[in-house]
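The chain that follows stands alone, in the form predicted on its own, written as structure tokens.
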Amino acid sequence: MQQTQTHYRSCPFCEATCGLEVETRADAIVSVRGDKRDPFSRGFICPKAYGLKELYHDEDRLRRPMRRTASGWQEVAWDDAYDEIADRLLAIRERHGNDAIGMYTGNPVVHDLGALLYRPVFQRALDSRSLFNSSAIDTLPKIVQTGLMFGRPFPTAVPVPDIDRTDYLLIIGANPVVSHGSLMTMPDAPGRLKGVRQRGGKLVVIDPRRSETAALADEHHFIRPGTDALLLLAMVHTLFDEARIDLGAARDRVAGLDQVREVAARFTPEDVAERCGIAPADIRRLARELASARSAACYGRLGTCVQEFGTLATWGCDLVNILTGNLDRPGGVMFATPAVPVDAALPPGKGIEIGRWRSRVGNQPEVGGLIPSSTMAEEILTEGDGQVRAMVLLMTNPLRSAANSAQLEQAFRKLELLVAVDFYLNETTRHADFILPTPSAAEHEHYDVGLYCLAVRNVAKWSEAVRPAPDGSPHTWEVLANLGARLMGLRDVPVADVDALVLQQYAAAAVERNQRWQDLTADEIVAKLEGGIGPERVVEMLLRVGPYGDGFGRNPDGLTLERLKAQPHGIDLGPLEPRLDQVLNTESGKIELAPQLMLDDVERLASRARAGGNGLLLIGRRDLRSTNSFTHNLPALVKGPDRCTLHIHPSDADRLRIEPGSRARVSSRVGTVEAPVEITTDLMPGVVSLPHGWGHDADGTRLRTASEHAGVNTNLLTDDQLYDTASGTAVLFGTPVEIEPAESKGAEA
């Protein structure tokens, strides 16, 4: 009888990093359970964890490189694929310039250590300005806002709620019971949220939908999509008006307080109440409660980001936290102290760079070297110098995740070359010329470099591979290194030598940023890491120069990768601690409360508030079993009732003559879909909801399970021309739509 082995790792399907106990036998994964000895998650998992097993065994998952030919898809050897891709990219670059090659990456990169650490290497090899930012459909306003206010690159300066000690938690546009705390890494979100109330604290949720999180709250208020910034600035107005400003740890560390006061004076609770849908008395009371609580935190997430005023809304959240004295104090919002400091591998600098150039067609600003994803289609379709003629996609399905899918599909069909690093033939990769599949999460080691920067408790955990990758199946970092080397004229250089150059560059940056051990050199780091290869070496370097590290022998009791691996359940490094002085990195040395970018956008907000608007607005919603679209091909995560349905309030259904259980036609400026209807009082009147990432009915894919649960693609409705001006973020929550019964005469789907 074959022996069963037990492995420990973090779950790779959302930001919570729950600990898993995985049993294998021979080549099979036989069970996935919560790791009760994990100090962070303590045995908690959600249904997505089982996807580790199903993804590993999925027969639809590609294992060999695929090349499109006149007679269909054919397998191709890896070296042949690398050579042909590089030759074609170099030819396009020679004819049309570097910017003719674009790149777009998806958020599964966060869960692939090699992709995360070697993507910048490949981007440097491309040397193109046509690098498109997937954060523009997710987190870009937070990246911009925290970068400008605190002067550090994302995610190293994102204050997160100290949820295990807070007395008052205000959640705006977020559903952590389902998301498990996006940009707030916290396993067992339901338990932690209930813990706030069990300690005698209060939980308040502001959301257009009575979400799963709202169901746990003491109080829930509906809010009209896109008006969160109005609400938050009215709360700031109340804090000034009632002399409730207390900067706490930020005292004497802020710039722009008077400018914030002037802005907030324009937004009284009485002025914004009708537009928001929240009474003036409630707005004032919420501000008072936050200011008077022993500790409090305001947390906003997707709903505050992917809307018309995303940057102002995220700004408002941190203004409320700072002005009530809840920044950098236990129970407020605090900064994690990650064991692997990702910024140690970055060149020294101040904050983030914005607007050094703008997109060729739509004049959208770059952020950190990337331009918003909403510009992708127009940059491909619009002729002229700099037109994008080739794209490299890294772990992404933008034809189901990006705005105005129909236009983007038209654009991708026009490309001279499309290369996808992906293990599925999905709605996007079916248009590719090459698909390069990398191993599943179960087949590679991992450390959550980015997510532990956002954790509500300081932890460290090395995730071992549950199964070895098949022979001849390169990891993502090797794919990127091989392609990058060929683009830089290093075709015959072994990947190990390319990796050595990468380590040398990371080591040089780490030494330049290091302030603990002045005698540490890059040569010493490289010498002491000799014999290793790939992203594991980079993690070891960062761990050893990090705040808990051994300094390459200078702190004998400090952490090393060997010591971390000896603790397979992970290491609890303690609660969050005040560290504003270590984080703050602006030119002024102070928190910039009033960045010019935000001030310049206030008039747009005021104008929109005066304009009103009573039409139907479309928002998304998230399901506990669903994250990225690829999870829809895993049977355990799509079983049960249809979850891709249109939610609508009874009053709107009655007015529009929409019957329960019927289908409705939903139309926006850019497209039309038909979806089954659920009528529910969980939505605010005037708001309708469809989940994100579905629409698996396209020809030419190999997604058997997903096609049986196709749903509809809500991004046929989202508008690439509707975005947050300050950041370029696509409006995925708040798309104006019209609805009618599907049986009626009207626009064709």
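All values derive from a computational prediction rather than experimental measurement. Heads up: residue numbers just count along the shown sequence, starting at 1.
What follows is about the form predicted in complex with a small molecule, which we do not show.
Interface residue remark: G102 is not counted as part of the site for the small molecule in the model of the complex, having no heavy atom within 4.5 Å.
Using a 4.5 angstroms limit between non-hydrogen atoms, F423 touches the small molecule in the model of the complex. By the criterion of a heavy atom within 4.5 Å, R457 is excluded from the residues contacting the small molecule in the model of the complex. Among residues of the shown chain, V22 is not one whose heavy atoms approach the small molecule to within 4.5 Å in the model of the complex.
Heavy atoms within 4.5 Å of the small molecule in the model of the complex map, among the stretches 433-441, 600-608, 383-391, 562-570, onto 433-441 alone.
Between the small molecule and the residues P225, G147, P269, P338, the one pair within 4.5 Å by heavy atoms in the model of the complex involves P225.
For the residues R301, H446, R544, R192, the 4.5 Å heavy atom test against the small molecule in the model of the complex is passed only by R301.
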